[in-house]
Structure formats: structure tokens, C-alpha cells
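Let's start with one chain on its own, the form predicted on its own, as C-alpha cells.
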């Protein structure tokens, strides 16, 4: 077993892992220690990971089944459907629709019936400054609510809608229409129990339209409060990327936000694997939800 180091990155969440080289196979004991650290800290950072796509996939697959990114086939890495390119470089000679991915607070694939379990993002190119990513601890967001608010939220379901992805209106209209066809609105519990830790977390984001059984007007003040509360400074970690960073996060108990705080003429090129999550949602039929 490798001797790993764990250094906390903020009070809210996040830890840097040292002593692990993902270019080499990770033995079972080391992997178990990494997985425990992931459950404890929610976001893990591995610096200096100049890994190949095969190595990226091999490590990711230890954590679970990988998404094939069928809703974004144009942005899959050639010959590697498990890897999604999040980039402002041209893809196929055209501007990339993933160049502005993640510009509002969200949990990956929450607008599907199988929200992502986790994501692993490897930085290949970055601007000289900026392009940071922010994360927030949704366990803390839930646990610091009043008991009365927890009781109100306990039985609520929220409607997650792909059309609320920030910047979706700037994408290719044909591809946007296909995304909406493949991902109709779905409802998920507002309070989610983590299957591994048993802890409760808020499961809302800026990609939620309303609560089931409530109008958008009724839902909006509560949603705004929950998102503002969940992104309080004391729950948040802001990651400043370095080339060859690999960052892994648990989508079941975090939200994140990719900042546009950089010169868009400079390259920002990331490779992401996505862990498929358990089915928790249901298709939302507005006519039947009243």
C-alpha cells in the first residue's frame, strides 16, 4: 500500500491527496483509502497527473460504471466515448458547445433519471489566470437549516430541467433540441440520502424549475433561498486549476460552478469521465403533478 497524504483544502469540503500516481495501477488498499477520503471530503485533488485517456478511464472505472456521453457525442474524445471534452478549442472545425459548460450552480446530469454519481476532471490546458471551479457542500447546506425548514422540505420533489443549463440558448439549436428531447424534465427528492454514507443532503440547484405540486411563482422564493443558503461562503471551496490536476467530486452531495473569469481567447481544455448514478428520479408530467 502506498503511503498517502491528505491535506484539507477548505473548511467546507475538499482535500488534496498526495502519494498516489494515477499513471500506475492503484492497489486495493490504497484505493480503499482514497475512496474513504472521497466520502469524508467530497472533493479530492490529485496534482501532477499527466495521465493518458486509458489511465483516466481505468481509475474512474474503479469507482463505478461510466457514462458514454451519448447526449453529447460530438464532444467525446476520439475512440474514447467515456471521456467528454470540456473545451473552448474548436471541435471538428467548429466552436465547441462545451466551452461554457457549468456556468450555473449544478450537480452533473441532475436533469436525467440517473444523476451522476461522481465526475473526474483532468486539466490539460488552462488560461494564465482564472477559469476556476467552485464547489459547495450540500450536506452542510441541509444540516444547517432549521428543523422547521427541514420538515417542509422532507417530502418535496423538485423539477430539474435541462433547458435551465446556463448558456444553452447559445448552442447549436439542432443539438439543443435533441438534448431537450433526450432529457425531458424529471423530478427528484429535494432531500437526498447518500447511499454510501447515509447522510442527508440538499438536492437542488439553479437548474430546478419548481417543486412538484407548486407553481413556479410559489417555488421561486424557496428555491432562491435554498440556492443562496447552499452557496454560503462557509460551505464553499474555490479550486484554482493547474495543468495536470485531476479533481474528483461526489455529485450526490455537492454542487459546482465553472467560472468564466478568464480570457476566452486562451485555451481551457479539460477531459471528464462521469460515473453513472443510481436511478432516483421520475419523469415529470405537469398535467399529472397537480
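Remember, it's a predicted structure, so these values are computed and weren't measured experimentally. Numbering follows the first chain given and starts at 1.
Just so you know, the form predicted in complex with a small molecule exists too; it's not on screen, but the next bit is about it.
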### Task
Tell me, please, which stretch of 145-153, 184-192, 167-175, 103-111 lies within 4.5 angstroms of the small molecule in the model of the complex when heavy atoms are compared?
103-111
### Residue contact check: residue 133 to the small molecule in the model of the complex, 4.5 Å heavy atom
yes
### Query
Is residue 258 close enough to touch the small molecule in the model of the complex, meaning at least one heavy atom pair within 4.5 Å?
yes
### Message
Contact with the small molecule in the model of the complex for residue 162, defined as at least one heavy atom pair within 4.5 Å: yes or no?
### Response
no
### Query
With the partner left out of view, is residue 38 within 4.5 angstroms of the small molecule in the model of the complex by any non-hydrogen atom?
no
#### Entry: Proximity to the small molecule in the model of the complex, single hit among 83, 121, 208, 116 (heavy atom within 4.5 Å)
121
### Query
Which of these residues, 46, 59, 235, 241, gets a heavy atom within 4.5 Å of the small molecule in the model of the complex?
241
### Query
Would you say all of 249, 268 and 272 touch the small molecule in the model of the complex, counting a heavy atom within 4.5 Å as a touch?
yes
